[in-house]
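The chain below stands alone, shown as structure tokens; this is the form predicted on its own.
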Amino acid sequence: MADKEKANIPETDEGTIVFNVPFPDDLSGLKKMTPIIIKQPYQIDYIHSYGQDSPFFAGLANKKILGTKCTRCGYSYATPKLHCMECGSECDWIELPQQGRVHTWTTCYFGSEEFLKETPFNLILVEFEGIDTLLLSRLVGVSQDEISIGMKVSAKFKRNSKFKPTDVYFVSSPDKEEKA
């Protein structure tokens, strides 16, 4: 008997605790049983590499927005590409301006866990002078009613970089002049 007592796993208060789980007296009723639904937190440390995009995140940590420009055709990307999507040639890194204009925008009423406390929040596609593509970012400090296409915006950076695209966000520039 002493061996059986040592083989028991101690009970703890960790994990999911459910009381009064319905269970039919007759096993034939199991097919009609309502599913048990539980909430279970899950966390994992995920290690990954930014690879070819590492300079972009290093730029954000140093309060710079980096894009790329094709060495052959000159097409420029606000979202960096290692090779040109127009001609396939290699691209070089360039620094983008920290001012731009709202190309289009949307208000998000649902978001991932990271943005849940901020909902609703505004996402914009920023167009930069002389750059062929757009950059997706958040617009902060502006209500939905104040946003307009062509509105001037300026980049702001988080003080402590998290090495995430959200390290840069945009605010309304003092000059709200509309684009012609």
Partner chain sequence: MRPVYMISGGVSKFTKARHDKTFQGMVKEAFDYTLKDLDLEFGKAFEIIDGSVASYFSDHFQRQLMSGIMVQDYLGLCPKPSHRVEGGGATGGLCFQEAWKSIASGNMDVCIAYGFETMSHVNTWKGNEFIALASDVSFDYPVGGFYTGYYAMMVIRHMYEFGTTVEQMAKVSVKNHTNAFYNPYAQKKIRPTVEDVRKAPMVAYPLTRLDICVMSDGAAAVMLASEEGVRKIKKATKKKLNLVKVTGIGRGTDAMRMADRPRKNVILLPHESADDYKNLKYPGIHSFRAGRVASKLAYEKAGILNPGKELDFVELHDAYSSSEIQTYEDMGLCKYGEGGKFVEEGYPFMPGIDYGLTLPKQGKIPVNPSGGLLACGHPVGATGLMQAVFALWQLQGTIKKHFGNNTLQLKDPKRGAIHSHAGTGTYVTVSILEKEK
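Numbering follows the first chain given and starts at 1. Please read these numbers as outputs of a predicted model, since none were measured by experiment. Only the largest set of C-alpha atoms that superpose within 1.5 Å between the two forms is called the rigid core.
Form predicted in complex with its partner chain: not shown, discussed below.
- A heavy atom within 4.5 Å of its partner chain in the predicted complex is found for one listed residue only; from S112, S143, S28, N62, this is S112.
- Contact check for R138: a non-hydrogen atom falls within 4.5 Å of its partner chain in the predicted complex.
- Although the partner is absent from this view, P24 stays clear of its partner chain in the predicted complex, with no non-hydrogen atom inside 4.5 angstroms.
- For H48, a non-hydrogen atom is located within 4.5 Å of its partner chain in the predicted complex, even though that partner is not displayed.
- Within this chain, L123 lines the site of its partner chain in the predicted complex, having a heavy atom no more than 4.5 Å away.
- Using a 4.5 angstroms heavy atom cutoff to its partner chain in the predicted complex, none of E95, E129 and P174 count as contacting.
- In the predicted complex, its partner chain lies within 4.5 angstroms of at least one heavy atom of each of the following residues of 77-93: T79, P80, K81, M85, E86, in sequence order.
- Once both forms are fitted on their rigid core, the CA atom of E113 lies 2 Å or more apart between the shown form and the other one.
- Once you line up the core between the shown form and the other one, the Cα of T34 ends up 2 Å or more from where it was.
- After superposition on the rigid core, displacement of the C-alpha of Q43 between the shown form and the other one amounts to 2 Å or more.
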